[in-house]
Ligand SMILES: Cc1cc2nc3c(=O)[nH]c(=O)nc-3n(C[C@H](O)[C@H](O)[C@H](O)COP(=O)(O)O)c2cc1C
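What follows is a single chain, given as structure tokens, in the form predicted on its own.
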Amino acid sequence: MFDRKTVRIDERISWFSEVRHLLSPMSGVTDRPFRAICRDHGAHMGFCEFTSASGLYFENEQTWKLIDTEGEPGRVGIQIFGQDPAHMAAATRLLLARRMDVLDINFGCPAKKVVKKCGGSALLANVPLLEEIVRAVVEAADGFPVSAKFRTGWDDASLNYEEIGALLQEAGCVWVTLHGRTRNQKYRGHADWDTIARLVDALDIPVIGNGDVVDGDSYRAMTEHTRCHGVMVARGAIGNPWLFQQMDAVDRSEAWVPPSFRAMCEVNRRHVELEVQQRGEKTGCMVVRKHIAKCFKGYPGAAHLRKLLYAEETSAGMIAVLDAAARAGDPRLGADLVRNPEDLAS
């Protein structure tokens, strides 16, 4: 239904012609359980949490745990960041043995802890180093497809996204993702979709749009405005995997039916189980809270339900609360039924 720009798709990623809905790499968010849930709801591709190339290079155990793709079904990408071309190249060579469909370079993260080390979006202010890094990664990849994600510039006075986009295309990236904000904006204000539209017009390779897509209407609006190949979503998907269903409904010109309260509880139940399976009881229960907070936001009785869920220290307790609320069909009623998780074991 969309008038998307016709683009040149590299034969190494012929499958990318059908990829329209992507889950962005997010630190502390896009682990394997969340990727699985988003994929269940229509995400065409997901990315691991973005990873330090230097951490991989120095064999940091915690860093390598973020690369949890072995045996993962569906399309999955790995994203690395760093300021040392040698470390970025070495990490690339190490990652070639891992399960992935593309290796992405992070030139967009605005977090201070990344930027102060001249990684992520800091490189938008140092184009020669950015170019050295991307060429080192593409060479080390030895024919494996490389993509990149970046922002419009360091600040409004130094917008250089068209220069960066042309550089990345010429250096061999198979596609690029543009977040329509500067580094100084971080996540404030509105994403400038005009910048994405101009980059789509300027490049021959696919451009993925990113920024402020939170529902089917905003997905339609961005795609129509920019003619981008696809859309990558980040914060809008936290606690809301149904966003991918909304995007799919728009593509199919179909009405989207929001999930029932029971379905919301069931998805969160599965998320708890998957996180505990991967991370262990304590950490798994903590990680899923950020998703629960977003999922039920605005739903009548949500505050009461969240309070009870957050009070639980075990996955069994959290699941008992969710199951009771689902059976009642109302967080204000179902949550009050829980006294002792063991009472609900049957």
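The first residue of the sequence shown is number 1, and the count goes up from there. Just so it is clear, the structure is predicted and the values come from calculations on it, not from any experiment.
Form predicted together with this ligand: not shown, discussed below.
Contact with this ligand in the model of the complex, defined as a heavy atom within 4.5 Å, holds for exactly one of 210, 223, 92, 246, namely 210. The listed set 292, 37, 285, 26 contains one residue whose heavy atoms approach this ligand in the model of the complex to within 4.5 Å, identified as 26. Per the 4.5 Å heavy atom criterion, this ligand in the model of the complex is contacted by stretch 179-187, the sole one of 111-119, 179-187, 83-91, 261-269. Using a 4.5 angstroms limit between non-hydrogen atoms, residue 99 is distant from this ligand in the model of the complex. This ligand is not shown here, but in the model of the complex it comes within 4.5 Å of a heavy atom of residue 233. Although the partner is absent here, residue 195 is not a contact residue: none of its heavy atoms lies within 4.5 angstroms of this ligand in the model of the complex.
Among heavy atoms of residue 229, none comes within 4.5 Å of this ligand in the model of the complex.
Contacts between stretch 47-81 and this ligand, counted in the model of the complex as any heavy atom lying within 4.5 Å, involve 49, 50, 79, listed in sequence order.
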